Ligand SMILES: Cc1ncc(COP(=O)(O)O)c(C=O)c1O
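This document starts with one chain, in the form predicted alone, laid out as structure tokens.
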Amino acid sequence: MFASRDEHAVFGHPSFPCYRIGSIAQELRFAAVPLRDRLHWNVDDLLDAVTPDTKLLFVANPNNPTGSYIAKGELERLLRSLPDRVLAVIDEAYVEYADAEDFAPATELRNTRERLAILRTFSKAYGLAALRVGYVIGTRELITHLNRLRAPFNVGTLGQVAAKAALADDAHLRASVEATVRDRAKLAQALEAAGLRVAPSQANFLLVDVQRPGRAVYEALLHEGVIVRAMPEPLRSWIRVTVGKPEQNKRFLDSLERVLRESRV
């Protein structure tokens, strides 16, 4: 809807792979901007990648798979500095888990530019992943254009009912997020105590450098009945693990310690 063949998109790398997949599907040229230290956003790097043909900028904030984020002041500078023709797409799939003092949701910055789309999902904090429900926040004009392209009947009745119920249950959301944030810190502390590097995370997962091929660690853990996510380049020695319930986190830690100790990878 917002970019035509041979125009240009900008996104970070590593980040959510669907930005690249979508750009390739639309035959867009794109710049995959390397994150600093492979983990952290840099606004100047993103702005430098914008060309006269750029029509789309994708930013996952917090970022998947690194868990890093752009602070409010820097996000505001990014949104104000982009040319008016660029649609800034801020993907906030993990926004509920962000508790850094200098983090702010993009909804607080809607007055910075007209071409701004904010993406949200019920798949993470609300626990409705299998129902595939999400939404976009933007101007009336932007939403009207999106509706022209949106597939009909794209969200079923059950998903709509569940999403409305989830929005009304603030107590459950708070309890779920508080437990995840608390156990995220405990899990990170345990991994660091084991001598592993853990990327600071504002999401419901941790990115862990296991200091050997992450794919091999993933496969060894799979034999233990523990599923994590192996990372491709440039994070070949990292795995991503979702924060679970305390007993699940303990099982992961025990299995990882056993896999690394026994040199099974």
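Fair warning: this is a prediction, and the values are worked out from it, not measured in the lab. Each residue number is its position in the shown sequence, starting from 1.
As for the form predicted together with this ligand, it is not shown, yet the points below apply to it.
For a residue to qualify, one of its non-hydrogen atoms must sit within 4.5 Å of this ligand in the predicted bound form; none of 9, 51 and 88 qualifies. Of the candidates 208, 60, 70, 57, 60 is the one whose heavy atoms come within 4.5 Å of this ligand in the predicted bound form; the others do not.
None of the heavy atoms of residue 77 is located within 4.5 Å of this ligand in the predicted bound form. By the criterion of a heavy atom within 4.5 Å, residue 172 is excluded from the residues contacting this ligand in the predicted bound form.
Remark: residue 176 does not count among the residues lining this ligand in the predicted bound form, judged by a heavy atom distance of 4.5 Å or less. Although the partner is absent from this view, residue 237 stays clear of this ligand in the predicted bound form, with no non-hydrogen atom inside 4.5 angstroms. In plain terms, the part of the chain that comes close to this ligand in the predicted bound form, with a heavy atom within 4.5 Å, is 116-124 out of 143-151, 161-169, 116-124, 179-187. In the predicted bound form, this ligand lies within 4.5 angstroms of at least one heavy atom of each of the following residues of 70-101: 91, 93, 94, in sequence order.
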